[in-house]
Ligand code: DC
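Just one chain follows, in the form predicted alone, and it is written as structure tokens.
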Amino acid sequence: MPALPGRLVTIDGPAGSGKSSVARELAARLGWRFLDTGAMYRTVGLLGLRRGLDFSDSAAVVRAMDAAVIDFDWSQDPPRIRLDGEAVDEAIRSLDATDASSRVASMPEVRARLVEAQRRIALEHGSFGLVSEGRDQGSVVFPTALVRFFLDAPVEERAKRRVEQLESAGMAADLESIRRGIRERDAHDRARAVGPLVIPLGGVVIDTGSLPMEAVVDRLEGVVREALGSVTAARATS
């Protein structure tokens, strides 16, 4: 793994734990850039749906990935993810795309390509500072990040948040279906052989279930600024 920038923070956690919203706000407060790696898997899932691929055929999914261009428009804040030049931020939030993303995330070949892409992004944007969120950022992709957070919350709270997110985007949402889907995805993400959902070594665990987002971000920001201060002090005395 190439040497990574020092100003790199990871935020992992299960679906609905609030990591995307928290990561965006933390990046804004720090004046850093924000990387939504879950959007990358969702976009691969959307690609498979649009191509009518068989998700049991990982080779076909990888071929489609290699023939497509998945990137971010970094001129936008937060960055917008694109598939062959089309902004697909809204399309990847559908229930079908969510289910497809879980399927492709279990494919080692897909994960290997996206991990490589995520590390490349860190190298290209690390001088700005980067907050990277997902499910394996601190455990697999960036295990030496400055701070590695893990956010969690009860299933019921995460399901309610997901319903609110879908309804705010104008999509229909059924709480019981969402709740069932979250439980199934949790089990799937934790059991997969490659890049399972785990607390990173040395990770800072925060339960977001009873905390407003601002309070969560306050805690994360405090930890990050303390870590940055320690690094600065260590360099000054070396």
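Numbering starts at 1 and runs along the sequence shown. Nothing here was measured: the structure is a model prediction, and the numbers come from that model.
Beyond the structure shown, there is the form predicted in complex with this ligand, which is absent from this document and is the topic of what follows.
The contact with this ligand in the model of the complex, taken as any heavy atom within 4.5 Å, belongs to R93 out of R93, R113, R161, R148. In terms of contact with this ligand in the model of the complex, the residue from A153, I81, A105, L130 that brings a heavy atom within 4.5 Å is A105. Contact with this ligand in the model of the complex, defined as a heavy atom within 4.5 Å, is made by none of R7, R119 and G126.
With the partner omitted here, the stretch from 66-74, 168-176, 206-214, 39-47 that lies within 4.5 Å of this ligand by heavy atoms in the model of the complex is 39-47. Residues of 143-169 that come within 4.5 Å of this ligand in the model of the complex, judged by any heavy atom, do not exist; none qualify.
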